[in-house]
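The chain below stands alone, shown as structure tokens; this is the form predicted on its own.
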Amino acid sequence: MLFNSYEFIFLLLPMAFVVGQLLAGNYRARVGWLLACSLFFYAWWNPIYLPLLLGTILFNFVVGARLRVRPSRWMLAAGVTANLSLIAYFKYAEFFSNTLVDLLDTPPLFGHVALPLAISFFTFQQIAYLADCYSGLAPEYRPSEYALFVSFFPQLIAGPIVHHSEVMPQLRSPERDWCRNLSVGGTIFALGLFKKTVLADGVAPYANALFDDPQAWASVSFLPAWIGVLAYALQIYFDFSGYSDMAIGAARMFGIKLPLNFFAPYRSETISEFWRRWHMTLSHFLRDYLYIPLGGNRFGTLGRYRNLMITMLLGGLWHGAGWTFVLWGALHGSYLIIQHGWSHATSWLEYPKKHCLYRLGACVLTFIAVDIAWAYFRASSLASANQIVLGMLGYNGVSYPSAIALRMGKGAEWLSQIGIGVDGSSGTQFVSSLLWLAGLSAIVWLMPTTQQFMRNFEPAWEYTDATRRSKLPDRGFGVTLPLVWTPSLFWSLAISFIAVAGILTLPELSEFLYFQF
């Protein structure tokens, strides 16, 4: 079931909320009800995978209980291997089989393997749980509590990837002010719905026109290449951050504060800062359960670079079974190595680095690097990604629609003299794409994030504790308009308008991009 569907917004969510409030005084019944809603939510998509979800929950609960009582490195390794084997089969068996066919001309080992929904997310959560059981950091939970932690429907499908220590105490002692929770959660949910259905889906056609049409990317020139990639960069941001807002908002209606997943990532001035702001819960998992166990930065500079590259390569492969994802991870690993090398070599430039021009250049350079990597992330093949990146670098020249040139008079002649030609593409689409990019860019670099906008009402788990709040990233580079939500008539009308706009686009139902990962 999708968050942006009539069934969820007008049936499951209100029913789960009302019955949940009626059961507020009976903890076990409330947990059972939310668990039933979560399993129904998962099974709605394809019930054939529900036994798989329940099987992994049962397996990890039993292994976790044994590890907590009698820590065993071998049992931990077996539990983690079983989880990784499951995800490896469903996610990578077909990929490696096809790779062997291409390299060795052997018969395929596997046919088409369908990917169960959310397997990447609930597998990561449970691996972290097993590691904490082994380390003595996980208390004892009832089976229904653990099952609800794994399958809680606001975060089940695409995150945020939650840690048991973040959610379980709240499940046991949820915030009781239902009126405040409904108001704050509903507002966050409405903002997320608008970001997904209006903004992300609105700009998506300009990205699809480039990536999905071989005639478009085969010899794409500079401007169409950048328009398509920028459209995708903004689409995936508003799509996934919109989903995360909807998840955080829906959970808040039940008194549960989920962790942040996005915090103005395109305002970053370095790649490492980008990863502190983008898909934050995945970054935390990769840091805590992969980068640090690999050795982190404890084995010198070369060891640190090796661990960064391994972490990003596996992070890329986690997103999908394909060489484009591997290359996307390799690019980000390379970016991180270059950034750390640059920071070390220019450590004496501390004062100039604080100047606004240096910061502006760093932000622009970081955004360009991220966009080049997005081309590989979105492309369906290495060939199309390479062609698009060549176009972004000007390999196929620079051109714009001839229909616009006809209206520019002498301006067109001047552009022709400096080597900017014309082509037969649609002038209307060219202008509308620029308007979309300008509008969404203004939101990214001028507007507060959802959580900054709601910051006076603990809009996420990090806001519930002064220490955690102090560790949040700053607002990032750029100007942020001082907009802060309050329970007033003005904001009620404004958010109602945003919610209606989001709901009116529901007939054009579209999946979230991260469902495929």
Partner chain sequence: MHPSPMPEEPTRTVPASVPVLEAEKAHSREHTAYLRQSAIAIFVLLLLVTACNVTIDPYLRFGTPRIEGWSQRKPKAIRQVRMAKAYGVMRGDYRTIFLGNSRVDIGLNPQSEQLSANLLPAYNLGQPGSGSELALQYLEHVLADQTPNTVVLGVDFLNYLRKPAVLGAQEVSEVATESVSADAARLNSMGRGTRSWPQFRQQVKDTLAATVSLSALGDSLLTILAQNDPNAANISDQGFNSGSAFRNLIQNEGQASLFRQKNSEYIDKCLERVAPVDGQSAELQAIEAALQLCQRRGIRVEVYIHPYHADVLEIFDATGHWSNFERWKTLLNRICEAQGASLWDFANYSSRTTESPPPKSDRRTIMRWYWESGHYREALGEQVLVEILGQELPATPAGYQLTPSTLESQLVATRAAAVRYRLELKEQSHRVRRIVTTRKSAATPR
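Positions refer to the first chain, counted from 1. Remember, it's a predicted structure, so these values are computed and weren't measured experimentally.
One more form of this protein, predicted in complex with its partner chain, exists but is not displayed; see below.
- In the predicted complex, at least one heavy atom of R142 sits within 4.5 Å of its partner chain.
- Contact between I495 and its partner chain in the predicted complex is found at the 4.5 Å heavy atom cutoff.
- Interface membership of T187, defined by any non-hydrogen atom within 4.5 Å of its partner chain in the predicted complex, is confirmed.
- Looking at C179, you'd find a heavy atom of it within 4.5 angstroms of its partner chain in the predicted complex.
- Only one of 486-494, 48-56, 32-40, 465-473 places residue heavy atoms within 4.5 angstroms of its partner chain in the predicted complex, namely 486-494.
- Between the options A82, L137, L349, L446, the residue in contact with its partner chain in the predicted complex by a heavy atom within 4.5 angstroms is L137.
- When you look in the predicted complex, the only residue of L156, I87, L313, V198 with a non-hydrogen atom within 4.5 Å of its partner chain is V198.
- The candidate spot formed by R68, A501 and L504 is fully in contact with its partner chain in the predicted complex: every one of the three has a heavy atom within 4.5 Å.
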